[in-house]
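First, one chain by itself in structure tokens, the form predicted alone.
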Amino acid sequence: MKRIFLIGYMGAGKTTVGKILANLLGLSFIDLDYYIEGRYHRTVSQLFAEKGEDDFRMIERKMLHEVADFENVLVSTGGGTPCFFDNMEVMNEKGKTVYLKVSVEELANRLEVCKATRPVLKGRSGEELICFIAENLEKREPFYQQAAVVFEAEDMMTEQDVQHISQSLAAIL
């Protein structure tokens, strides 16, 4: 029985790497955000807007506890998941946590192209986006650093890069 939890800031590659890594390791893949959306029949953005962050984080915690009992699974968490309640403790107790670490500048580059789908980033660009990411990452880093494995995931420009990162992680895990 194996459980792996990928953590890191949005845009770090948790879902992209997670799908390939799960396949390499013969595990089922779960994106926690999609899991929540499937259970609540609302997007994460809708849940945030309708219920507020506090209630959303309670839902997220409940769903994390649920998937943390699944067997032979790789879970890609939301960027904030490790930073609330006892979520990091639960993930570390139930399985192996992997922090996909990426620099602020690279995160800004990745998120610039998809910020329309991420409400918290709408209207932010350039220096403002970099400052926003840097501020949030600084708050989250103490939680992310509690991961069993900290993996530099900076170079993820091509499909080959993603394959290389996934294969490197598979060898570690």
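Residue indices: 1-based, along the sequence shown. Quantities reported herein were computed from a predicted structural model and do not represent experimental measurements.
In what follows, reference is made to the form predicted in complex with a small molecule, a form of this protein that is not presented.
Check your understanding: Okay, which stretch from 102-110, 22-30, 64-72, 42-50 lines the small molecule in the model of the complex, with non-hydrogen atoms inside 4.5 Å?
Key -> Among the listed stretches, the partner-contacting one is 42-50.
Exercise for review: Tell me, yes or no, whether Val120 is in contact with the small molecule in the model of the complex, where a contact means a heavy atom of each within 4.5 Å.
Suggested key: Looking in the model of the complex, residue contacts with the small molecule include Val120, since a heavy atom lies within 4.5 Å.
Check your understanding: Is Thr97 a contact residue for the small molecule in the model of the complex, using a 4.5 Å heavy atom cut-off?
Key -> Residue-level check for Thr97: no, no contact with the small molecule.
**Study point:** Non-hydrogen atom contact Thr77 with the small molecule in the model of the complex at 4.5 angstroms
**Key:** Yes, Thr77 sits close enough to the small molecule in the model of the complex that at least one of its heavy atoms falls within 4.5 Å.
Review point. Using heavy atoms and a 4.5 Å limit, would one call Arg140 a contact residue for the small molecule in the model of the complex?
Key: Yes, Arg140 sits close enough to the small molecule in the model of the complex that at least one of its heavy atoms falls within 4.5 Å.
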